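Only one chain is given next, in structure tokens, and it is the form predicted on its own.
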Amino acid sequence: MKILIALDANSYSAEIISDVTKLAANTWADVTMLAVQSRGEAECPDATLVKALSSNQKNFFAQYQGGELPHGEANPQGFMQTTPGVWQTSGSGRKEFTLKIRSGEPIKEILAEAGERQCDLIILGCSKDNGCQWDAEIDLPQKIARDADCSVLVIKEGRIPKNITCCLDQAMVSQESLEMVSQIVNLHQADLKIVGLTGPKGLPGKGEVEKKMQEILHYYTARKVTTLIKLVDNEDLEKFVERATREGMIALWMGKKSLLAKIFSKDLIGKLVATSNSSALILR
């Protein structure tokens, strides 16, 4: 697994490191911490961002005793230019750990880095006020969640989810997505509600959906995850999800073959990220 953590110098970015560390440790993921500076400052890495990445790395490794993580610390004073406007420094370990700074537009550079590294998950924080924002970039979390080709976890500052509602296209959902939901639930010791989709047009019958949902229930029960199952008609799904975002964390499986991707427009995904009462997980 490859995780990209998109960071800036604000508190909502620093706050996500605890979750990031636990996920990285549980999944033995390759980790990249990325910050983006303006292109006008591209002659050398921005000192404020170097300091922020160094602090976040220190926090990452401080949560575990030596030898418990498969990563090695990068030297924050060892940033080397790899291409014009891009600098990085990496640690040595069984799994990759890299601090990286790119210059340019933050949304474009975060998506580019995720694509180049073929990341499985992008993680970023956002402010708890003004609809989930980054200080220097309007609607950045929403646009990353909307446009990324991989899964995206947006963690809202100061909000710990007590319950997670996960909407699945039960016929097509991947094993990796089921495992990701399990990881997030265990991370927060949250209750899980799995929502199955029913309806008359091109959807499986209720009996078939119930059978598949029971299989998913057994998957999570075997992992000791407290899970409830709910069936929702496709015509009512949008309103149901909007209510769920006010009650806790929302997770949507939006893979290329998912029926949910046809129901939820890209703009609606951004809206759900902005209005969610806590974190939002877009699975792909």
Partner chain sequence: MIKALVDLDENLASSIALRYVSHLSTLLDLQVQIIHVEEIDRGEHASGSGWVRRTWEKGVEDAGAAAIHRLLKTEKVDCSLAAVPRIAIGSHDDAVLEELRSYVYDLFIKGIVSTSKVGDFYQLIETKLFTSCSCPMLIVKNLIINNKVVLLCGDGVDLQSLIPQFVRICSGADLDLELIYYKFQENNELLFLDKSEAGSVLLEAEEMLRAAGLVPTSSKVLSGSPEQGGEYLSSCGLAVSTFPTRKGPRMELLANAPSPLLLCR
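Note that this is a predicted model, so its numbers are computed, not measured. Positions refer to the first chain, counted from 1.
Another form exists, predicted in complex with its partner chain; not displayed. Remarks below refer to it.
Novice: In the predicted complex, which of 100-108, 86-94, 133-141, 208-216 comes within 4.5 Å of its partner chain (heavy atoms)?
Specialist: Comparing against its partner chain in the predicted complex, the contact stretch is 208-216.
Novice: In the predicted complex, do A24, T32 and D149 all reach within 4.5 Å of its partner chain through at least one heavy atom apiece?
Specialist: Not one of the three qualifies.
Novice: Examine Q81 and determine whether its closest non-hydrogen atom to its partner chain in the predicted complex is within 4.5 angstroms.
Specialist: Close contact is absent here: in the predicted complex, Q81 is far from its partner chain, nothing within 4.5 Å, heavy atoms only.
Novice: Residue-level contact is defined here as any heavy atom of the residue lying within 4.5 Å of its partner chain in the predicted complex; does R117 satisfy this criterion?
Specialist: Because no heavy atom of R117 falls inside 4.5 Å of its partner chain in the predicted complex, the answer is no.
Novice: So in the predicted complex, is its partner chain close enough to E68 to count as touching (4.5 Å, heavy atoms)?
Specialist: Flag for E68 set to no.
Novice: Under a 4.5 Å heavy atom criterion, is V50 part of the interface with its partner chain in the predicted complex?
Specialist: Heavy-atom contact with its partner chain at 4.5 Å: absent for V50.
Novice: Please tell me which of T227, T245, Q37, N56 lies within 4.5 Å of its partner chain in the predicted complex, judged by heavy atoms.
Specialist: Contact with its partner chain in the predicted complex is made by T227 alone.
Novice: I need to confirm a contact call. Of S127, N163, N75, S174, which residue comes within 4.5 Å of its partner chain in the predicted complex, counting heavy atoms only?
Specialist: By the 4.5 Å criterion, the partner-contacting residue is N163.
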